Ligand code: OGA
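Quick heads-up: it's one chain on its own, the form predicted on its own, in structure tokens.
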């Protein structure tokens, strides 16, 4: 065994990993333990990891192929020397933002589901944090599906939704986009409402974000009513974990298994996070079948 310790952070999801120094090379045994913990807890926290940008990129590569960040409202990378890194910050230098998402609330969402192959996961590294606020929450989409009332499971079986690409999670319109008034006309990928985890095969709700979402083939009011019920269920507090950030925290999360959101914070405070992401495989639907039910495939 590698000597690492994995401690659960909430009943729903999240674990703290100690006994590992991410500045050092990671053995195959250590990587196997970390990936197993990731598949079990979906969110891993590493405290006290002061990593340079090249070190952050190297750690990310241990978990999979690097995936470039999505387009931001300013249309260019925030770090010219490291375009694979996205900067999440409210700080401005010379009147220009050094990062994305500002200081307001970021609503519940899953990253970049508006593309055909959304990221498998992501790292977020805390370089500067405000004295209060800016907490991040994750919600477990496997538990959300498994605890969904049976009528809602049946209602979404085999159905897919449009994942709008117009706005980011802070409500900012992306560069080159235009206002959308009818969700049925929103640009973005279509994905199943229930997907199969690429490693474990476990079913998960796959909601993306609520704004401009639309369930394909339904009437608009019917789609909205069903989506509202799904979102209300999926974001219940008992399904979530709250991260109160400390300096040099590093969080790894599974983008296919979770939703996440961020609290607002004092705009006069500085918050600087560097973020990397891991390329994901094609999204695989999970469909209820009599054989699956009989085999217990809906159980964890």
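Residue numbers count along the first chain shown, from 1. Predicted model only: the values in this text are computed from it and were never measured.
Keep in mind that the form predicted in complex with the named molecule is missing from the display, and what follows is about it.
S.K.: So in the model of the complex, is the named molecule close enough to residue 262 to count as touching (4.5 Å, heavy atoms)?
M.R.: Yes.
S.K.: At the 4.5 Å heavy atom threshold, is residue 42 in contact with the named molecule in the model of the complex?
M.R.: Flag for residue 42 set to no.
S.K.: Whether residue 120 contacts the named molecule in the model of the complex should be assessed with a 4.5 Å heavy atom distance threshold; does it?
M.R.: No, residue 120 sits far enough from the named molecule in the model of the complex that none of its heavy atoms falls within 4.5 Å.
S.K.: Using the partner position in the model of the complex, report whether residue 202 sits within 4.5 Å of the named molecule, counting heavy atoms only.
M.R.: Taking the distances in the model of the complex, the answer for residue 202 is no, it never comes within 4.5 Å of the named molecule.
S.K.: Just to be sure I understand the contacts: of 191, 109, 196, 142, which is the one whose heavy atoms reach within 4.5 angstroms of the named molecule in the model of the complex?
M.R.: Spelling it out, the residue with a heavy atom inside the cut-off is 109.
S.K.: Would you kindly say which of 207, 162, 101, 126 lies with a heavy atom within 4.5 Å of the named molecule in the model of the complex?
M.R.: Selected option: 101.
S.K.: Taking the partner as it appears in the model of the complex, which of 233-241, 48-56, 271-279, 34-42 has residues with heavy atoms within 4.5 Å of the named molecule?
M.R.: Going by heavy atoms within 4.5 Å, the stretch is 271-279.
S.K.: Looking in the model of the complex, is the named molecule within 4.5 angstroms of a heavy atom from every one of 114, 172 and 212?
M.R.: No: none of 114, 172 and 212 comes within 4.5 Å of the named molecule in the model of the complex.
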